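The data below hold one chain only, encoded as structure tokens and taken in the form predicted on its own.
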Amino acid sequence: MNEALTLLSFGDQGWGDTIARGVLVTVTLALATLPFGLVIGFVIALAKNSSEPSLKLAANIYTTIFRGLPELLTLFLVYFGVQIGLNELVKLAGYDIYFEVNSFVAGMVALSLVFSSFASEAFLSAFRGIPHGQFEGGYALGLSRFQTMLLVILPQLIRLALPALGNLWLILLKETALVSIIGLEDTLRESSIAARVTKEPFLFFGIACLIYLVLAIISSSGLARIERWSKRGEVRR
């Protein structure tokens, strides 16, 4: 027991500070990915809800690709594919420069693409749950299309999509562990290094499990509060 506490302590003899930095990277990556995923997902949902066939087709192709590909493969395509593509373009331009894609940025881009493809379906379902009369009512009040979307539709859209988006956030938190494959020093990678060095895999992978569970519990509690807040204006039956 004392040996385990020493290994998990902060300082030169323990790995606590290293794992804490990994947790910070995990949470930062998830929080950085979330806004991009939500915005892209909302735009894709608008395209799917559009009457323009070409926009619908493009949006459906996007979601089919990134919902169908394994997340790890998407990560590899972004991390290695973009890097190779940039270096080939530089060579064609006649410059002797080598580009290396940052693993954090690559992880954020890949997870944003996957998250947005699923979030678009949540937003699309929410769109279909809003009566068309809401749009007509906004126009009748003299609101522009943009104002109607911003002031009338969007608040209802968020409330309806919130449960599904909350589930996607929890999935996103877990999927951040994939970035350890491309060298980002997140919770899983730091735990793996500690397990190899100390020959205590059960201890450090168990700690990683507890960390992800704690993050999920905190997130679930926060999401429940947000959901209650979003329903504060509903009439109780």
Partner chain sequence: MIAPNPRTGLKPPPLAKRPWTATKITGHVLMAFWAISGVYLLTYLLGNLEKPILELALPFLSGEWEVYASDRIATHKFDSFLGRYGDKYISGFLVTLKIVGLSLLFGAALSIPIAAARSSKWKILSRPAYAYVYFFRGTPLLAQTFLIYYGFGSFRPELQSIGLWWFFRDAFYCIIFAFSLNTSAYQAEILRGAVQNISRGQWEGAQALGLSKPVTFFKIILPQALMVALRPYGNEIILMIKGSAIAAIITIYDLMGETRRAYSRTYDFQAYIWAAVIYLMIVETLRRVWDRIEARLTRHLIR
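Residue numbers count along the first chain shown, from 1. Since this is a predicted model, take the numbers as computed values, not measurements.
What comes next is about the form predicted in complex with the partner chain, which does not appear here.
Site residues Thr28, Gln156 and Pro163 are none of them in contact with the partner chain in the predicted bound form, judged by any heavy atom within 4.5 Å.
Contact between Leu188 and the partner chain in the predicted bound form is found at the 4.5 Å heavy atom cutoff.
Interface residue remark: Val109 is not counted as part of the site for the partner chain in the predicted bound form, having no heavy atom within 4.5 Å. Taking the partner from elsewhere, Phe118 is found to have a heavy atom lying within 4.5 Å of the partner chain in the predicted bound form. Residue contact check for Phe76: one or more of its heavy atoms lie within 4.5 Å of the partner chain in the predicted bound form.
Between the options Tyr95, Phe146, Phe80, Tyr139, the residue in contact with the partner chain in the predicted bound form by a heavy atom within 4.5 angstroms is Phe80. Looking at 143-161, no residue comes within 4.5 Å of the partner chain in the predicted bound form, counting any heavy atom.
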